[in-house]
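A lone chain, given as structure tokens: the form predicted on its own.
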Amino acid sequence: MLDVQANFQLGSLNTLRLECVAEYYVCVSSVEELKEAVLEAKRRRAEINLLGGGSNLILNRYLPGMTIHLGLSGRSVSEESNDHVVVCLQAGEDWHDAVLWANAEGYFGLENLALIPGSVGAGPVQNIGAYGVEISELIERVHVVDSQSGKNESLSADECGFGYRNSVFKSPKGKHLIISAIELRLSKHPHVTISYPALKDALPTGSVSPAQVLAAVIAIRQSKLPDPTSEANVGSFFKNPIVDRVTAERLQGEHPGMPQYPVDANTVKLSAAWMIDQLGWRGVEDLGVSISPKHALVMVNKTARYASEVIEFSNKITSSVAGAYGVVLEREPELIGTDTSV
């Protein structure tokens, strides 16, 4: 039987450590319990909120509805050939632990995505990526529970609508799909992606192994990014903006040192961290929140209690960047809940 709790404190379940009260809360450890929780939310006419590792959310003071904490665990092999293996990871598994497990088992391809905070289920939602690799490149299938019908479904990578830090699961037409597990196609042969400049510079010349790439990624991230377990943060707070080529050329002319990364024939990705850095925000603290001295994309909660303080501080940064470069920065974490209880 489900253990549904009312007025549940979520402060310890989000990596920004913001105070938040969930109207109803339940933790599920199986697909069957997840379906039960969906039915219970319907019975109570409660909106469903999903919680995994709490690493990509900004929780407001009050979260109305039913907060379902996805605690599904397990890793297994669902398909295998001489060259590849398809691994099935349950949504509640810790992402970094799953990356370490795959590498240790001799299943390669995830090394560049090491040390990204959060749970497995959040990976496809954000289409997590780092050092030249995105999870969408490895997705075979995403298993979901449809919160409208209560049925199990399976989506191919094409059906997930992946984009830069985006997917169908973030859109109105896919919000009702609750990820219960993902399947990833990995290589059984040593395979590395080292095109990203910072990663390439951290590796020895010549051939390198997946284990070396894994170690290098971990070392780079640990040197640049504060650990959410010791400094409250959600990792990258802002997305790198993508602009058209005309805008990119104009900015390059006005700011010759601005890093730019071509996306396709028509668009270019800019470095949000570079712009924030150039405007002197690194290390600045206000309202109990600061930009990390280690990395300009990471916002650290020092003493703030509520989301309103984080949002107010982040708005100062976005206004600063818009004024200086004419570029609008978007938040990566999602703000959910209300500022006052109902």
Ligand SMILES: Cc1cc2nc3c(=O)[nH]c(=O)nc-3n(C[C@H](O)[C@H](O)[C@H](O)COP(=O)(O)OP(=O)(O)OC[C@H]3O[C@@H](n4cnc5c(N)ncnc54)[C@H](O)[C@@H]3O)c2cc1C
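Predicted model only: the values in this text are computed from it and were never measured. Residue indices: 1-based, along the sequence shown.
One more form of this protein should be noted, the form predicted together with this ligand, which is absent from this view; the next part is about it.
In short, of 306 to 314, 276 to 284, 35 to 43, 52 to 60 it is 52 to 60 that has heavy atoms within 4.5 Å of this ligand in the predicted bound form. This ligand in the predicted bound form is approached by residue 226, whose closest heavy atom lies within 4.5 angstroms of it.
Using a 4.5 angstroms limit between non-hydrogen atoms, residue 210 is distant from this ligand in the predicted bound form.
Although the partner is absent here, residue 334 is a contact residue: one of its heavy atoms lies within 4.5 angstroms of this ligand in the predicted bound form.
This ligand is not drawn, but in the predicted bound form it has a heavy atom within 4.5 Å of residue 117. Proximity to this ligand in the predicted bound form, taken as a non-hydrogen atom within 4.5 angstroms, holds for one residue of 270, 87, 179, 110, which is 179. Contact with this ligand in the predicted bound form, defined as a heavy atom within 4.5 Å, holds for exactly one of 125, 102, 184, 216, namely 125. The partner is not shown here, but in the predicted bound form the stretch 201 to 238 reaches within 4.5 angstroms of this ligand through a heavy atom at 221, 225, 226, 228, 233, 234, 235.
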